[in-house]
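Listed next as structure tokens is one chain, alone, in the form predicted on its own.
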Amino acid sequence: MVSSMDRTLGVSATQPEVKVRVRNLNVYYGQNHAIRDASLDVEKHRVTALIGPSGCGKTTFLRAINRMHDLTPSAKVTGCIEIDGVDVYSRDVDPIVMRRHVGMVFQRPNPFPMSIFENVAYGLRVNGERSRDRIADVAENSLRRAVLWDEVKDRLFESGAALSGGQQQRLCVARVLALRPDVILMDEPASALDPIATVKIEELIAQLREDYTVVIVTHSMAQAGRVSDRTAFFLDGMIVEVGPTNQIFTRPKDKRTEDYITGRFG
């Protein structure tokens, strides 16, 4: 939201709001300095793509946003990550509570070993929801938002593992949506899928930006070009360049970005 002070300073009322603000982020795995002084503004209701060669730090950066490195004994994180102005690494922030607001979709679909319905309802139950009607409504709405309801409505109590790979990935998205997150992180969500399933995931991402802030790691520059509003190029643990996707792909400012985009390395 643009404040009166912003207007006084001449900031446009249409300027995108920053949802996630990363400043001077460093991530270490033991002696390995995986992310080096990375800073990035992730705009609200936009899709931000993280691109770069394998091992450049994209996934490490993504996982830092919802404190997944807390689960790795050798990992150390310094710097600041704020979501809506709140430092997610503050001692006052419960990482479990925080992850309800920052959902994660992984590279390979990982449905729970339970029914389609219970995959979506599970998080609600864990968080204390007891109303069957409420759970049913949220599950249906989440499956609809994930563009899966019409395909599974007649077999909700069959195993989620019986779905195709693309359907499983959309089920995982529905599971995230059920908790009503503010931010959705996606780590190469279509890399294990066939082209038809990939199109459905990309169409879903385009719809999600209406209500969510999305950050996606992708090795496919074509995919980044299709689904993202902004793109950040990573190299050797550093953010080399970030900007509107069209600019990054057609008029990059850094020669390293241009070399990667044009296929000279990576």
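When you see a residue number, it is the position in the sequence shown, counting from 1. Bear in mind that the values here come from a model prediction, so they are computed numbers and not experimental data.
Beyond what is shown, the protein has a form predicted together with a small molecule; the following relates to that form.
Stretch-level contact check against the small molecule in the predicted complex with heavy atoms at 4.5 Å: of 195-203, 225-233, 208-216, 29-37, the positive one is 29-37. Contact check for S220: every heavy atom lies farther than 4.5 Å from the small molecule in the predicted complex. For the chain shown alone, C56 is a contact residue for the small molecule in the predicted complex, at least one non-hydrogen atom being within 4.5 angstroms. At a distance threshold of 4.5 angstroms between non-hydrogen atoms, S90 is out of contact with the small molecule in the predicted complex. Using a 4.5 angstroms threshold between heavy atoms, S191 stays clear of the small molecule in the predicted complex.
This chain lacks the partner; the member of T72, N110, N127, S131 within 4.5 angstroms of the small molecule in the predicted complex by a non-hydrogen atom is T72.
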